[in-house]
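So here's one chain in two forms, each on its own in structure tokens, numbered structure 1 and structure 2.
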Structure 1
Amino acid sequence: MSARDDVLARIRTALGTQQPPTEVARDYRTTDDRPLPELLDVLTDRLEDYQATVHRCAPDAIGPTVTAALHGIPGDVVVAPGVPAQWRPAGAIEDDGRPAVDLTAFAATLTGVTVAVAETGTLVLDASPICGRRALSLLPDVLVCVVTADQVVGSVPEGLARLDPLRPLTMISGPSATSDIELQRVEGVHGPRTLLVVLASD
């Protein structure tokens, strides 16, 4: 018997006669009815609590805000291919699909996001053109993410409902961190040590 058949047979033996399926009660909150301005404030608060820097701006000021946020960071900026031209800082280079490890040559990355969860301060990137491949938001030491107000939801259930589980997804809540030394949180290990968020709303 193959290992597969063996393990499946053991499971059936262990379970014995099958019980009727049990219902899962989902009595927890699945929506967050707070008005959008409040959700934007919560998102900002949670991102800052985990040492991200948040720049709020009007939707037509994203480009200048990105440029200002990157001021003083020496080195080249790489952008995901789907990032709109008006968001891109002068001289930014579009990701051309070079070998992933070569992305270490860049100082900063600019991407969009798919959805942002206010309650947990989480940004989700789904490898779509505006988010870029996974290595892009990983290797350069500074990550700039642009979030627009329509992408912000209150709760984790609302966030997951907007995602496609078949895409490679990266959920980001603050810069890379560790709690491995005396369970004290320290920001900045292998991922980007700086997370800058540009949050655009009217």
Structure 2
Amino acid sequence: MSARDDVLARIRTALGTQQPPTEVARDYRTTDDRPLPELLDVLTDRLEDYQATVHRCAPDAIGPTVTAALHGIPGDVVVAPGVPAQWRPAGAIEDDGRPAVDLTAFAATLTGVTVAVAETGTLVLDASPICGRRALSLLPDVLVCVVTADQVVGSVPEGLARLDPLRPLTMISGPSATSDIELQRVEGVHGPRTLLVVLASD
């Protein structure tokens, strides 16, 4: 018996008799019947609990609300190419695919989202034109995301049902944060230090 045969024999012994795959229960909750106003309140509560700042406004006031949210943040703002013109603050620069390292020179990023999950306070970006490429939402120190009421769902299964699993998905639940060896919270290590959310609803 060769060494290879010996190793394979040991593996077969360790694996034992193959069992048919276990049936996975699919009886978990897949919908959320709470009314939209309640879901918006839950999303706001979760985001604020994660240290994000939420600015609520009417759909026709997104632009002024974005401008107000960015007030006092020095530096240029880069926006995803699909962000509507009426959302963009004065002087904003559209992302043109420049090298990712150049994005660190911007003070803030403005994007839309694909879906927002109220129960977990999670915003999902899928690299579509309104969301922009992944680097755009990760490198500048401030991220501003615009969420419209029709993008808000209650549960994770509802959110996943709206997403294309083949797209590069970025899931954001509050500013980037971690803890050091002494369990001190440190923000901005793996992404933006500040998350501002403009939540638009009637």
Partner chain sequence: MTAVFLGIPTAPAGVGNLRGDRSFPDAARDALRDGQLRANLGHATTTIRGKRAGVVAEVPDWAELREAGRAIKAATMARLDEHLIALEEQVTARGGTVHWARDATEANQIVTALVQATGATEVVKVKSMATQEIGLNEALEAAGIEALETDLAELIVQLGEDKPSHILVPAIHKNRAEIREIFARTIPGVDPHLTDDPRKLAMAAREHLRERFLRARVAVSGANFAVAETGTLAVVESEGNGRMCLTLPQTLITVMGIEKLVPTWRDLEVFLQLLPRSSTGERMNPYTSLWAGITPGDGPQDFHLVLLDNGRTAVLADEVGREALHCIRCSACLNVCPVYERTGGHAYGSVYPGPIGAVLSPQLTGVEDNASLPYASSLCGACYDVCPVAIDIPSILVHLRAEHVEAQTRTTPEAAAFRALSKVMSHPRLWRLAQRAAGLGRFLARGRPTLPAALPPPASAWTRTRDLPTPPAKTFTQQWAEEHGS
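For numbering, take structure 1's sequence and count from 1. Throughout, rigid core stands for the largest set of C-alpha atoms superposing within 1.5 Å between the two forms. Note that the coordinates shown come from a computational prediction; the quantities given were computed from them, not determined experimentally.
Taken from the form predicted alone is structure 2; the remaining one is not. Taking the core as reference, the Cα of Ile181 moves 3.5 angstrom between structure 1 and structure 2.
Superposing the rigid core and comparing between structure 1 and structure 2 gives a CA shift of 9.6 Å at Arg10.
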